[in-house]
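In the structure tokens that follow, the same protein chain appears in two forms, which are kept apart as structure 1 and structure 2.
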Structure 1
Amino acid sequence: MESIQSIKQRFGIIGNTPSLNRAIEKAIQVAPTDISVLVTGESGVGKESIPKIIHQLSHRKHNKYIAVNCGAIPEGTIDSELFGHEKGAFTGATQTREGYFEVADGGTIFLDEVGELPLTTQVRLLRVLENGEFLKVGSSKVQKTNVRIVAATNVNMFEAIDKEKFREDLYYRLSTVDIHLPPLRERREDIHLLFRKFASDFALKYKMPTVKLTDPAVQMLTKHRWGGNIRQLRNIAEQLSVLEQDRTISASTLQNYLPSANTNLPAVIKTSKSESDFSSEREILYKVLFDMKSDLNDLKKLTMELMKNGNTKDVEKNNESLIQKIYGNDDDNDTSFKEPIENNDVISIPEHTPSDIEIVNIQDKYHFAEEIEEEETLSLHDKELELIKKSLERHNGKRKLAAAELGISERTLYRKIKQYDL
């Protein structure tokens, strides 16, 4: 069995952190077996080195080694890429094609970003892991393959299982042995070693003197969080090698190349915003509609009392709280009712009375005309449509201004315009 140090030299691995040494040691130990391995770690930590070590130290080293980036293959074609297809299986399938599992028979397949596999493909992969069988797309003939599978992911697999994005049984089949690679921020003593290696490589590549860091710059380098891990460090070394005329890099110069925001990559973007926005908008609309109905009923009640009683002073006294609720306590506004004028058929009402309450002429006594020809609709769809139409008309079709007035995002407004075919 080769030593850890010789493996590092052979595969160009730099560093002496105990957690890194432990990961390499586990790779050496499992290589002679055929058990499946799951390599975990953040993006940019060098997970692709582990399957290469496993393949080269196994009895399969003289057979095919195929690395597949599962996240880079479209969902509609990934089954064909992995398992092959028969002629005429789908549009464009003009000939029979061998998939990776057929080509790599007797060798090793490295499935990078395995957490991005569609659920239907996960079922097919599980069958390969369990009994080495697979079906080509468009075929009913079961084929056999003898492939060693090494997978890698930067996804939190337990979260993916909870969200039903990854099969639990497949996870346990893949992770017979779990090898975790530490992020660069947990390998502080290795950061400067890696930088020197990258700087030397780029000096040779671009035929330029090697850049060197001052002591303060080295301290700044090792204290940085390195959200992009080794990949980010390599990019910084390349930029410094190409762009800086002075080959001695100070801390102030290095600072210009280090991003101020130290966020882990890849960024995770939540997709539930639009749903929560719509839910919030719906609740607000419901509240507005029910408040309007309540105010309308209060006005009807007050007006009915006025019609039936005929004595506005009594009505005002008995409904003082209701009048204050509707008209407020503004001293500048005259909210009192005037006495009906004798021998006149019209009642004087406050100027703020809504237009949908109709007062009609009467002959012998006051009476309330048909309260409302048709009960006001409380359909959320109709109200929402009406509000959107009015706002768009007011702003001459400018969605940005209309969205701001309605209190919703421009994206949500665009979706509703499309929904209502406006």
Structure 2
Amino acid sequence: MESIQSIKQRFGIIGNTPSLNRAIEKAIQVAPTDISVLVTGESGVGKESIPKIIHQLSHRKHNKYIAVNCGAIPEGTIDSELFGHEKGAFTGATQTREGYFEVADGGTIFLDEVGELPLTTQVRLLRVLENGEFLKVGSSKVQKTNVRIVAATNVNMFEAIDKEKFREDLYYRLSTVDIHLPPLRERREDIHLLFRKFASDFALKYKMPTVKLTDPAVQMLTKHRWGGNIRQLRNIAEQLSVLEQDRTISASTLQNYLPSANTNLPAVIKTSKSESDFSSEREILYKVLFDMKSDLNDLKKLTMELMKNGNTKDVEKNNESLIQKIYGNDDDNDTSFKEPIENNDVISIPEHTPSDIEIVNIQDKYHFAEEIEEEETLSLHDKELELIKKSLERHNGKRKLAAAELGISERTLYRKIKQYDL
């Protein structure tokens, strides 16, 4: 069996804490089996290496390894991504498509952020875990696949089970073996080691001398709470490597790079009460605006849904009146709203719509709605961005907490982070 040290080298894993070694050892032990593994641990602790180790040390290593970020795929398409779909299964399904479970037959699938899977997908996953069976979306033909599943999560799955967001039976099926990666603050002896490795990597990358820490700086680094774990440590090593002229980093320089709310120092009292009151009021206002935008989007979605499903004159009439209700009357026949929109896919008018004139009408209304939405978006965009940034900062980048505070799902937050490139 390959030694733990050579595995670490092969997969670029730094550290020597017993709890880290135990996690890697467990991965080595379970690799040759087909047992499902659940990797747990806070964000940024290095969960992504474990499924790679498991795959590479298994008899599946010559077959596919597919990593799926369950939190990043929209709910509407995730079943089709994972299990494929039949031609015509839904609007836009012009071809039969293989899903990851078909493509990875004989290999390994890594389901990252598995706690984000919608409940309907969880049912499909349970079936595939239990007997290797699955159905493409829109098909009634049972297919077989032989896939080893490694899942990961940085959220408390028991909480998710309690809130009925995650199936208990699936949880136990996924976590036959649980591999837990410790947070960095429980691996203090690895912190400086990791920093030195990152500093030397970045020196190479940016062709500059390696930054070094003074002893007090090392102490400060080691005592820090590291809410974002190794990812955060790596970011700070990169910033120091790029920005600091003096390559010897003192504690006071380092202090500037560590988020203050995140240190182990006693809480700092806010400078001015009125200032903090103002900022909290502003945040409430942002939240209201944010919620309003969500509502607006929901309404838009509902409208689109009704339009999609409707295939009789009556329903179309209802759609029109619904739009009027939501967006007001546009009896003034403003021609600027009359040009038909280009992307007809968005509405997908049924083919047997009674007459062309009605199609144009519906599109006009839709276009009108889009114009209003655009204006709203322009004014809300910055607010939303700022609110998300603030919330993420407050929670040291922990999406789960930020999402809870913002009152949106982690999935939505994830998409917004991608969208705004945060």
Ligand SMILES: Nc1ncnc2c1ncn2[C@@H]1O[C@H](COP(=O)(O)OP(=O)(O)OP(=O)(O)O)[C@@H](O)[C@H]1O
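Rigid core (definition): largest C-alpha set, two forms, superposition within 1.5 Å. As the structure is a computational prediction, the values presented were derived from the model and not from experiment. Quick note, the numbers are simply positions in structure 1, starting from 1.
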Please let me know, 1 or 2, which structure is the form predicted in complex with this ligand?
2
Yes/no, A89 Cα shift of 2 Å or more between structures 1 and 2 with rigid core fixed:
no
Inspect the rigid-core superposition and answer whether the C-alpha of T412 shifts by 2 angstroms or more between structures 1 and 2.
yes
Honestly, after the rigid core fit, is T77 moving at least 2 Å at Cα between structures 1 and 2?
no
Can you read me the CA shift for K398 between structures 1 and 2, rigid core superposed, in Å?
35.2
